[in-house]
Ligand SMILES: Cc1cc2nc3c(=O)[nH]c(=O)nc-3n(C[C@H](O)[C@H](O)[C@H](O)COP(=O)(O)OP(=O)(O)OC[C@H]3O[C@@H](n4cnc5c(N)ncnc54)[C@H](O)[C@@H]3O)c2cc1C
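Consider the single chain below, provided in structure tokens and representing the form predicted on its own.
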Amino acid sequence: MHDVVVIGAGPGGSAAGYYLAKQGLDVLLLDKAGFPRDKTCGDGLTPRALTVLEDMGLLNELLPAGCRLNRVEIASAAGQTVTAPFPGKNGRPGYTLIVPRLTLDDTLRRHAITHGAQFQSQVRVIGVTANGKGVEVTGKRPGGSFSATARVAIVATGASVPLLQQMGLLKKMPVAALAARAYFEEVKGLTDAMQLSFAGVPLPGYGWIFPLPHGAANIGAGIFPWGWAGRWMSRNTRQAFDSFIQTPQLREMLAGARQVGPVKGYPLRMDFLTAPTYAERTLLVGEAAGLVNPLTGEGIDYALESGKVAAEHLLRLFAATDFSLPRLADYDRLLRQRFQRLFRVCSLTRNLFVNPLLINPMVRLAARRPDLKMVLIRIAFGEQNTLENITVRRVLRRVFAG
């Protein structure tokens, strides 16, 4: 019997596997894919993510593989821009790093293995069953079936929900945003800024231009098709992507550029506020727990953080040899203390301001109000849990006052 079976070797699963194996636990890390493998994503590592990677001893290894960005530039639907430095707060780096998931995920997986985790690829887990002494993990692999037992399981399966439905944790499909991205080479006009744009994209939604080394870029668009907007918004992410790259800015940047690989779409679970995070002998990390920022769609940082939190909590349970449901539930309380208020504020900000009526005046106001600009940037990148003394009523009054 293993101590922990981790299902999913993405950032959350590999981070959890690393922290557990480093402390001497018997960890089996599973993934349905062979590695290295690509993962459709925006590839952005926020200061929150970089803090965990630095704690894992991986930041210096990843810096040469990525593109360091020192600023964020936000464009309104009307084309007005506002620029700000990345908020280096609470000891976090004041920059972001764009690293393709093909590189990032394999680096994290190898790091977990180096520190003692075992790894098996091409295992598609279809069942996690708890009993009095642990869990049985069952699945399929090339040529036959798969089975393993452990004292505890960690589920890090991203946006995929069939396993969670089989376990009885999800009764209905969770809230999800939709996105599409492609890689381009020889892109013109790239700088040290992460560019976010509301031009040419159905609202609520946005497009992005994330520079990569040697003149390449990850370019994509995401939409939030629910609430009042969901009644009329198309769920065709390729259509949103095509509309974004046809804006004047993108046409100029992509003139002469070469697309590398196809346009790929993907869902983003953003339902942490109501999502389950644990079950008997099981913890959920990252997007499996709905931990994707509801304003930006960023999830790597929360996957890494929740993987670390899950590992630290399990180490306490192993020390006490107590895996009861009340002790496992303490993990949920830890996540809520860390993320609940931030996710509420991000959801409120998106619902109030990312719409055709307010986004243009909001960007204009942020350009004139450095304090408001930095509050919104810090919220978007997970560095601030409240609007502090800048109330929603006050912001709306200033917006409509012009």
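For clarity, every value in this text was computed on a predicted model and none was experimentally measured. Throughout, we count residues from 1 along the sequence that is shown.
Unshown form predicted in complex with the ligand; subsequent notes refer to it.
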Only one of 85-93, 249-257, 323-331, 174-182 has heavy atoms within 4.5 Å of the ligand in the predicted bound form; I'd like to know which. 174-182
Ok, Pro276, Pro211, Pro267, Gly134: which has a heavy atom sitting within 4.5 Å of the ligand in the predicted bound form? Pro267
Consider the chain as shown here, without its partner, and state which of His111, Arg101, His313, Arg151 has a heavy atom within 4.5 Å of the ligand in the predicted bound form. Arg101
Going by a heavy atom distance of 4.5 Å, is Arg141 a contact of the ligand in the predicted bound form? no
Taking heavy atoms only, is Gly10 within 4.5 angstroms of the ligand in the predicted bound form? yes
The ligand contact at Thr107 in the predicted bound form, heavy atom, 4.5 Å: no
Is it the case that Cys41, even though its partner is missing from this view, gets within 4.5 Å of the ligand in the predicted bound form, heavy atoms only? yes
Of 293-310, which residues get within 4.5 Å of the ligand in the predicted bound form if you count heavy atoms? Gly297, Glu298, Gly299, Ile300, Asp301, Ala303
